[in-house]
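Just the one chain here, laid out as structure tokens, in the form predicted alone.
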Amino acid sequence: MNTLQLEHISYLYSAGTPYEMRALDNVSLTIRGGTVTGLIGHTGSGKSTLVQLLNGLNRPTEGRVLMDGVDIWEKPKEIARLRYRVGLVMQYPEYQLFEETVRADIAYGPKNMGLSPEEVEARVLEAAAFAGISPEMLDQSPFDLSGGQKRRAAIAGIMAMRPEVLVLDEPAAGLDPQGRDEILGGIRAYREKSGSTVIIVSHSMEDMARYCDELIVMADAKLFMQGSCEEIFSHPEELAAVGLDVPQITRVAQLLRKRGLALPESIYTVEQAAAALCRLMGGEGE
């Protein structure tokens, strides 16, 4: 099922010192298996801390992280095995690359899983295709790649292990619109083929609306809101109160409604807006 649950999770940095900081405060939530879930929140809201708990990179100060109903820290000595099941691509992927070639870097995880050379190569090619890495790029040094290409290689390296849960912290940050669409579209295609659960951290409301099934909103180390894109983006005032916004197309639709156009309230992607406008024009372009 690949379902993740957080039960009354709190996390303290520098606990018991004058510099103690509460990064998460009694957070309880469920991430349904097989979905693409977006995690949003202002800087310092607790997003990155939360995702580092999901694969055991950090251990909660209080509470439990459950995968399919089992506490991931039930057997602490086996926590490393969890990282084959819950793959994490951190915000700065260049720190995850270390092999001589991109091919070897992507193959590192599958090799450690004890797979045959044939299966390793098949997974490398599959993951590279999802991440948008060309065959020619596989034999290059990862350190010769651009920032965006390094991010693709890091994502492919995690995908190649076929984790049950794929967690990505700002996978498209700093990329141009085409690059964002290629990476996020590849991640969505990977989810549809593999059935994995995908969790994406992003500041882009447009990306969240276009690629995610559900959203989790964090604010001040706490869970602020959780629901479908439609449910979350129907609360623009509440989002603004915690330093967030709705997608720009949602604002445009609101202005058009004020001018008399009978557009639905639930518009948060360009595609939805185009379809609604087509219907108003008598079906042209459908």
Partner chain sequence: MSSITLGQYFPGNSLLHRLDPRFKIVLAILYITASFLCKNIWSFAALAISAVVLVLVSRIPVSIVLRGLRPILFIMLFTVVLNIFLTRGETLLVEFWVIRIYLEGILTAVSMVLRITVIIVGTGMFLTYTTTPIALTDGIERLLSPLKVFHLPVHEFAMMMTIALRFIPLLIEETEKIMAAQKARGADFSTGSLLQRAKALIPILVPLFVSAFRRADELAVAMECRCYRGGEGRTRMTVLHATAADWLMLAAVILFGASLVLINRFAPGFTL
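If you superpose the two forms and keep the largest set of C-alpha atoms that fall within 1.5 Å, you have the rigid core. What you see is a predicted model; the values in this text were computed from it and never measured. Numbering follows the first chain given and starts at 1.
A second form of this protein, the form predicted together with its partner chain, is not displayed here; the remarks below concern that form.
- Here the chain stands by itself, but in the model of the complex one stretch of 207 to 215, 118 to 126, 179 to 187, 153 to 161, 153 to 161, has heavy atoms within 4.5 Å of its partner chain.
- Within this chain, F130 is remote from the site of its partner chain in the model of the complex, having no heavy atom within 4.5 Å.
- Interface membership of H203, defined by any non-hydrogen atom within 4.5 Å of its partner chain in the model of the complex, is ruled out.
- Its partner chain is not drawn, but in the model of the complex it has a heavy atom within 4.5 Å of L57.
- Residue contact check for Q96: one or more of its heavy atoms lie within 4.5 Å of its partner chain in the model of the complex.
- Shown here without its partner chain, the chain has G16, T17, P18, Y19 in 8 to 41 lying with a heavy atom within 4.5 Å of that partner in the model of the complex.
- Shown in the overlay between the shown form and the other one, fitted on the rigid core, is a CA shift at P76 smaller than 2 Å.
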